[in-house]
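Before any questions on binding or motion, here is one chain by itself as structure tokens, the form predicted alone.
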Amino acid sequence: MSRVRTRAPLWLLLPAAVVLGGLFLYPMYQLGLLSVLDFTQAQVSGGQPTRFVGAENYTRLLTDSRFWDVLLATVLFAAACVLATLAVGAGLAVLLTRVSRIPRLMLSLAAMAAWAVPAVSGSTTWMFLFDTDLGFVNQLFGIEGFNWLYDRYTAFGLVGAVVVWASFPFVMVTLYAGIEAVPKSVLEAAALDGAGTWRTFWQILVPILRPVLAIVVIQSIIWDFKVFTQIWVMTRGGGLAGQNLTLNVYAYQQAFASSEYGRGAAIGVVMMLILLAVTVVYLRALRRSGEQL
């Protein structure tokens, strides 16, 4: 009887596991298979037979300086977006605990609206706001004629602002829920000991919320590392001469613009391995610090 009880949760998880296996494992298998094939437009149209090339796509990719430039830009862009998203989301989560009911409701609704806006619509709206000639921001600061998307760094900065704007509500709501779950007696004891807001946040809330922070950090890393829509829409596919390419956009260009489907799949596999490695390292670091996840 005890064995049946211990296995009951496994049987309850089985339907979800089957669905997730079909949605994730099979596409991952197909991605890995495509990455070891010579699969171009000629093979798609049936003009030439598909040929197994082993690690050739990976060898060409890893010896291409362009790939390493795009990878570095992706890592730096994602890191900046993650840090900014966490800072904005955490700050507003603390603010929600300090304001009264009406301002809290208005801020929550505004954040949810930003989160609900489709990426294409949000990117297009920001492009109108920062338009070279008619944009509200340029007119406000008296810099009509300035193109925010011409320079590589201002373009990355503007796209990063859109990513943070669309991402911070998840962090804000998650951390706010975590802060509300912290016993009031703990915060009251910290206040009696003379701890201010900043010290309470770093020395009391952050250690307690570390498992919650693990979730938002991993999610933010995954989302920001594989940003596609904002880069594609706002920089017209990667900017001038590909100066604003990220790995996801680069993979799309290789697969569909250049019809190098095997190479595009190889980039996808590399991205998956990088994200998996970052997630594992981060979780191991948390476990070494004594956190129960």
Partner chain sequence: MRLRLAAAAALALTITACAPSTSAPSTAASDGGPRTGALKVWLFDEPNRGPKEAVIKEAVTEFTAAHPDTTVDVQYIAVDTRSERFKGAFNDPASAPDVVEYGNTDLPEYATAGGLADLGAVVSGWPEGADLTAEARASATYQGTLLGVPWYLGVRALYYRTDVFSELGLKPPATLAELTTTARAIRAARPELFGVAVGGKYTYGAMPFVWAHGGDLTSIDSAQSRAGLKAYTDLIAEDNCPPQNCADLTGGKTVELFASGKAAMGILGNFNRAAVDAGTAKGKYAVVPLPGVTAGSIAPAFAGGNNLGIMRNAQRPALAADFLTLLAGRKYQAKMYDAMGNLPTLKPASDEVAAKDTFVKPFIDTIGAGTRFVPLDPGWGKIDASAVLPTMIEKVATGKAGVDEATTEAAELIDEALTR
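Note that the structure is predicted; figures quoted are calculated from it, not measured. For clarity, a rigid core is taken as the largest C-alpha set superposing within 1.5 Å between two forms. Numbering follows the first chain given and starts at 1.
Although it is not shown, the form predicted in complex with the partner chain is what the next lines describe.
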>> Please tell me whether any heavy atom belonging to residue 261 falls inside 4.5 Å of a heavy atom of the partner chain, as the geometry stands in the predicted bound form.
In response: yes
> With a 4.5 Å heavy atom cut-off, would you call residue 63 a contact of the partner chain in the predicted bound form?
Replying inline: no
> For residue 257, is any heavy atom within 4.5 Å of the partner chain in the predicted bound form, or not?
Replying inline: yes
> Are any of the heavy atoms in residue 217 no more than 4.5 Å from a heavy atom of the partner chain in the predicted bound form?
Replying inline: no
> Using a 4.5 Å cut-off on heavy atoms, what residues in 128 to 146 are near the partner chain in the predicted bound form?
Replying inline: 131, 132, 133, 134, 145, 146
>> Rigid core aligned, does the Cα position of residue 256 differ by 2 Å or more between the shown form and the other one?
In response: yes
>> Core superposed first: is there a CA shift of 2 Å or greater at residue 41 between the shown form and the other one?
In response: yes
